[in-house]
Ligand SMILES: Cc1cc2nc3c(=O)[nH]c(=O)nc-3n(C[C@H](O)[C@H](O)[C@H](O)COP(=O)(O)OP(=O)(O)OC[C@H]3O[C@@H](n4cnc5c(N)ncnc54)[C@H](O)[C@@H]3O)c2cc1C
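Encoded as structure tokens, the following chain is the form predicted alone, with no partner shown.
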């Protein structure tokens, strides 16, 4: 039996209350749904002395000037069925609906999915398993078993909502010991599986701010995984843009779950402003294939995952061009 002990739980009624509780104990961690954190505590990956519960902080979706604002405390299940999200941000609703299982989506929050710890099949194991292997670079050890070296951790950023939020150019509102600030989600992640978030200690994500999409917006999210429930993505693909018929006026493609940070695809401007015929779609799929370099930190052959990124791109663009 995997046990949890050694910590105290305190419930916060507001973001400010949560920050104050965190400041009272330097070994505290925030917890909302706990669908990722608690298994990691059971596996001995984290040993917090205080868990600050933020599941009771006000959640929901609201409108601000030219933006849709989603509280970080919003449950993924609520996000997936929210009428305004389904109408205006369909790919985000798709991504939320594909996370894990219905039971987990009923607990997990958008903020937790954005802040999700990087994952690796050599890291997300029991303490007994990791001891037998000699640990890994991300926890207790000195060696990355994925790349067979001592210098770089390539545990994957495996959130489903993050590729979509990058494609939508979302911004994050943060609250920390030094006050409030706003950060582009594209600036949040860095290529370091041990420290993949550019945050200061104690910072909380309070809101996700998404610019209201312009006319002709279309998008989709596709997820590669062994089973159609429960599993984390082996590769995720977000495609978003503004369309006029079969012509993209803007186009963003982001590949997820292949490295410690999501991968926005470069060079798409060359395909904007002209109808997407089969040749153009094939060229974009080749571009995605060229720029996608999956690490072996999650299950599934890396070359196969790379090929599937191109396949998913071709399928998504063919459907979106109408």
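Since this is a predicted model, take the numbers as computed values, not measurements. Positions refer to the first chain, counted from 1.
What follows is about the form predicted in complex with this ligand, which we do not show.
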### Task
Select, from the options 277-285, 25-33, 250-258, 62-70, the stretch whose residues sit within 4.5 angstroms of this ligand in the predicted bound form by heavy atom distance.
25-33
### Summary
Interface check vs this ligand in the predicted bound form: of 240, 205, 79, 165, the one with a heavy atom inside 4.5 Å is 205
### Task
Report whether the minimum heavy atom distance between residue 201 and this ligand in the predicted bound form is within 4.5 Å.
no
### Query
Would residue 127 count as a contact of this ligand in the predicted bound form, using a 4.5 angstroms cut-off between non-hydrogen atoms?
no
### Query
Applying a 4.5 Å heavy atom distance criterion, does residue 111 contact this ligand in the predicted bound form?
yes
### Query
Is residue 171 close to this ligand in the predicted bound form, meaning a heavy atom pair under 4.5 Å apart or at it?
no
### Task
Verify the flagged residues 186, 268 and 317 against this ligand in the predicted bound form: is each one within 4.5 Å by a non-hydrogen atom?
no
### Query
Who in 158-178 is close to this ligand in the predicted bound form, meaning a heavy atom within 4.5 Å?
158, 159, 160
